[in-house]
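This document starts with one chain, in the form predicted alone, laid out as structure tokens.
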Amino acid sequence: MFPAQPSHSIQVIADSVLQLSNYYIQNPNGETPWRENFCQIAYRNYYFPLNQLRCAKVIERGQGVNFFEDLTYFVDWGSGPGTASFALAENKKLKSQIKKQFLVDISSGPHKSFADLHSNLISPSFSTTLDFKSYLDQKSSTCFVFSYSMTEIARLPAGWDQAEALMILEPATSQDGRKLLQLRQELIEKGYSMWAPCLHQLACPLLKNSNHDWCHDRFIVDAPAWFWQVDQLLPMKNKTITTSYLLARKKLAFAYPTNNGRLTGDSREEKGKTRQLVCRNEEREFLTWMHKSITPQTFPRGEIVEISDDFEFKSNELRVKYPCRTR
């Protein structure tokens, strides 16, 4: 995932990352300058491995609920350097399952600039033709992958919603995250079932009952020592990374027990209690530990927990009497 050794000196990598970051700030709607040397250095050593880690963690979430069962064709739409495709091909369990990977991007630049990164892809096919129907010959076993590409497009070409499965990742920002929550409802109306991160097919409580909340997972970054040397020279820190995502299929999703909840917020200490936003239906609720009666627990955002049926429900709080367990 991360190169064992960096391709350039620590200072050159840090300078390249800052240069690309400044480019994005100054050109928010501009095309990524793939052919520029500073862009390739920044992507190979920093952005690519971090984004691949995001994809790999989402893939692991999907494998936990058998989302990828029987899927053999993967279309990486708006692929850029192929980050999501690379993460799929690197997954040991999926490597023997995938028959073909299609990388589709309007610019051929990423494919040429990052050709060596694609050496491990499974029967790769590269195209600049943005026509989803071209990839639907095996639609019952096809998964369309949108890694940081769907919510940037005002309107996608016809056919994107015909595949059996959709794997969608977006930045964990309020704007992109809430767009994804709106898309979730549209997908349900189109006949898709939410496999992850959602535990139910009801309305999203963060969209229904809040004007500012959004859904995202947080993952710990495990990187080699040289990466942290680069990190020390940058204003942005990446001890943990976040991403918003949806895994949807035409096939019905696994039905979770009613006592299961997914933690959609970070743990918050308040006077006399510890609270953590939890999703188990269409209501906005907090899993709550009252300090006078139970030792509080802290779980990572995105974890699924089993909640004892013996709790006190007050306002929007589930005041637990017994410890919760992770699935």
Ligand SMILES: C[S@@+](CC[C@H](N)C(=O)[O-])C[C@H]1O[C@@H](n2cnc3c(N)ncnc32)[C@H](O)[C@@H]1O
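Predicted, not measured: the structure shown is a model, and the values here were computed from it. The numbering used is simple: start at 1 and walk along the sequence shown.
There is another form of this protein, the form predicted together with the named molecule, and it is not shown here; the text below is about that form.
A.B. asks: Can any non-hydrogen atom of S149 be found within 4.5 angstroms of the named molecule in the model of the complex?
C.D. replies: Output for S149 is yes: heavy atoms within 4.5 Å of the named molecule.
A.B. asks: Is there any non-hydrogen atom of A158 lying within 4.5 Å of the named molecule in the model of the complex?
C.D. replies: No, no contact at 4.5 Å.
A.B. asks: Just checking whether Q97 would be counted as a contact of the named molecule in the model of the complex - the rule being heavy atoms within 4.5 angstroms.
C.D. replies: No, Q97 is distant from the partner.
A.B. asks: Using a 4.5 Å heavy atom cut-off, state whether N51 contacts the named molecule in the model of the complex.
C.D. replies: Judged by the heavy-atom cut-off of 4.5 Å, N51 is in contact with the named molecule in the model of the complex.
A.B. asks: Should the three residues W34, G78 and I153 be counted as contacting the named molecule in the model of the complex, with contact defined as a heavy atom within 4.5 Å for each?
C.D. replies: Contact check passed for all of W34, G78 and I153.
A.B. asks: Quick one: from S113, S107, N91, S141, grab the residue that has a heavy atom within 4.5 Å of the named molecule in the model of the complex.
C.D. replies: Contact residue from the list: S107.
A.B. asks: Of these, 238 to 246, 190 to 198, 78 to 86, 208 to 216, which stretch puts a heavy atom within 4.5 angstroms of the named molecule in the model of the complex?
C.D. replies: Every other range fails; the passing one is 78 to 86.
A.B. asks: Of 15 to 29, which residues get within 4.5 Å of the named molecule in the model of the complex if you count heavy atoms?
C.D. replies: Residue within 4.5 Å: Y24 only.
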